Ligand code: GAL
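Next up: just one chain, as structure tokens, the form predicted alone.
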């Protein structure tokens, strides 16, 4: 059964007609191919693999940890030199580390950070990503800057910010820390935030749109002063719901600022149209490139101590993106 789903799910990338440099073969599991951010990540990994002359084999774990565990076993059985893993469940990464350790294969985790106590159980396990508290902080700063220059946006004149929070996957560290630090940044800026409603929308545009429509119907758009979304897909879902109710269509009196994270192309276009306030660049290109570079170094047995922080981590910083900027 495992070989059947591996044949169906693995995408083998033909990188060049020449021989692969040093015969480095990378096996990589992505939690879900349909995720917009991870598509950018995969494209960056593919481009860097071609540049490095390494063979990259990608597998779609379909948001199922059992499938991913089987894919890891198959990669190891097929003789990959190194693993790059985007975990379905960051709390279930011990099993992956144990398999890699038993085979003596280095493993680089991406996008979903394993707990430090799990990562520390294998000296050849690493993590590449961005610190989610940074993205939350920048979201709060974007809103604070806007509100301080648009005092009329305090609709009920209570000197507080009534906002909706659209959250990613339950238990995901990005969801937890982006939500926490966006609110903290508002408080640090002297704004009193009041979350009137929040919901888990699983990083998904359609789920967020449906939830935002329900909030608009139950709360009334006139009582919503901002939307904070843990990623751009959910922010765009909120924008679609607002537009369906004649908000965020160009009338400054019917505008609710919406912020997201990722700086994907659709979000940048929505910002240019004035439908969305801002976003935070989650550098998929930088992270994907760094993951492959580190993986190749590990596969070739090179010293990576100068590449990592605290012996385990490579951090790619977030960047604030406002209207008119292109990333």
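Numbering follows the first chain given and starts at 1. Note that the structure is predicted; figures quoted are calculated from it, not measured.
Omitted here: the form predicted together with the ligand. The next part is about that form.
Heavy atom within 4.5 Å of the ligand in the predicted bound form - residue from 35, 55, 69, 275: For this set of options, the contacting one is 35.
Just to confirm, with a 4.5 Å cut-off on non-hydrogen atoms, which of 248, 93, 182, 111 contacts the ligand in the predicted bound form? In short, 111.
- Please run the contact check for residue 231 against the ligand in the predicted bound form: heavy atoms, 4.5 angstroms, yes or no? Heavy-atom contact with the ligand at 4.5 Å: present for residue 231.
In the predicted bound form, does residue 203 have a heavy atom within 4.5 Å of the ligand? Because a heavy atom of residue 203 falls inside 4.5 Å of the ligand in the predicted bound form, the answer is yes.
Heavy atoms within 4.5 Å of the ligand in the predicted bound form: does residue 28 have any? Heavy-atom contact with the ligand at 4.5 Å: absent for residue 28.
Partner contact for residue 282 in the predicted bound form: the ligand, 4.5 angstroms, heavy atom: Yes, residue 282 sits close enough to the ligand in the predicted bound form that at least one of its heavy atoms falls within 4.5 Å.
query: For the chain shown here without its partner, which stretch in 166-174, 236-244, 75-83, 114-122 has non-hydrogen atoms within 4.5 angstroms of the ligand in the predicted bound form?
result: Going through the listed ranges, the match is 166-174.
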